[in-house]
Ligand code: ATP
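Here's a solo chain for you in structure tokens, the form predicted alone.
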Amino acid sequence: MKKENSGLVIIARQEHGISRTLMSPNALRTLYRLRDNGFVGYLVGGCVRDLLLGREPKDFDVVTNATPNEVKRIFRNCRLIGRRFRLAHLHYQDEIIEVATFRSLAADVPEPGPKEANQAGQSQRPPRTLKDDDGMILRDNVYGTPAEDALRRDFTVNALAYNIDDFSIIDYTGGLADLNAGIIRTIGDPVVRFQEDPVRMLRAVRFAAQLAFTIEEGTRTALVAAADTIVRAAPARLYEEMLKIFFSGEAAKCCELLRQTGLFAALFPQFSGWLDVESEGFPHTRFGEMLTCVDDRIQQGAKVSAPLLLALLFGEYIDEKTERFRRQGAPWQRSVDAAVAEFMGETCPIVMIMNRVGNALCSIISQQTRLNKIPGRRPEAFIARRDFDDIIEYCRITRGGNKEVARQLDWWTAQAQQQAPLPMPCKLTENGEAPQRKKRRRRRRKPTAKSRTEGL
């Protein structure tokens, strides 16, 4: 291990256990091509952290001194995305490698004013860096050095870099020590870092739960104080981050931390209030049970769709709303529609659930009554529905303990697994051949008085 006066620590290849055989071939291909074209390229972030912990990374991110446009000129499979952070996505057959440019620590970079821009013959462009009045970063495309880029990252354990030139690990922030100690710590002042990007609070909770780490005391104190500011983040981005939490395999631990820190109440205020109040003398325990169920499935490698996830987690809450509308005289389908619409109206201003996901959620809940009708009208059409498996799974998880319900589900599953022969166009004759279709004779129209007269 080599330590510089600036705090930089370099861990040589023989001192760490990361091997290139554990890395994505596409990520290595990206690093080598950047190097061959005269640029610096590092693996960075969660992939380096997970490799050091002996975990399998979900994705590999690359950081370089090449600008996004330079990356696009080198790679034909490149697509530039993002306005807040300009990124390059390299599309390979089986994965996407994200390439970012080293970013600067400079908070404000002077931009040419309208007069200067016009004199230079250039059109006005949006600023490369921009913050709102509360300090949240709205745009950040000022490029810098590897050290500056590391110090701009969220947590110390995510700032480790792998250098393809000599296969060493580069640590600018003390991330290796925190990794060994099992600590989630922000880089710099946590109050400022959470102001810059409130979503970092959710990431701190997710990393702590997934890695079984502890959130550092100063970081946790700042997080609790700033929990209600999570609503400043874009609703669509919060939805994506919540899906990462629910699909992390440690959703139960994550949600426990979210509730302890006040983040859950800020994200789902009405639902959180409902969870805290007993119903007819009984606490609402199904939410926690469903979190554990989803975790078990994810850990076993099973896939859970987003609509099924939301139905499992929020189904009991929506059921109570449905019963309220039923008592007001609304029919079943209209009651479910109204209940889901009310739930979406409460949730979407903060956590933006897409309409197609909300419609699928509504369908899963409303179609539960169809399972009771065996076979009912057109069972083959019901089985052919896209969400048939989700409808079955929702009922099996929430009511599968009832023997009668289990028998119904077994019947539907058996019907879905049958491969019925294609319907014959007509009955077969004795020798096994289809009879020839008789031609229909056209009925002769009776002549009218006018036609009889014209024929004379």
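The structure displayed is predicted, hence computed values, not measured ones. A residue's number is simply how far along the shown sequence it sits, counting from 1.
Although not depicted, the form predicted together with ligand ATP is the subject of the following passage.
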## Note on the structure
Per contact check vs ligand ATP in the predicted complex (non-hydrogen atom within 4.5 angstroms), the hit among 49-57, 408-416, 391-399, 22-30 is 49-57
### Message
Counting any non-hydrogen atom inside 4.5 Å, which residue from R297, K253, R152, R326 sits next to ligand ATP in the predicted complex?
### Response
R152
### Task
Just give me the single entry in N158, T322, T186, T261 that has a non-hydrogen atom within 4.5 angstroms of ligand ATP in the predicted complex.
N158
### Task
Tell me, yes or no, whether K244 is in contact with ligand ATP in the predicted complex, where a contact means a heavy atom of each within 4.5 Å.
yes
### Query
Is D197 one of the residues lying within 4.5 Å of ligand ATP in the predicted complex, judged by heavy atom distances?
yes
### Message
So in the predicted complex, is ligand ATP close enough to F382 to count as touching (4.5 Å, heavy atoms)?
### Response
no
### Query
Does any heavy atom of D61 come within 4.5 Å of a heavy atom of ligand ATP in the predicted complex?
yes
### Query
Going by ligand ATP in the predicted complex, which residues of 321-347 come within 4.5 Å of it through any heavy atom?
none
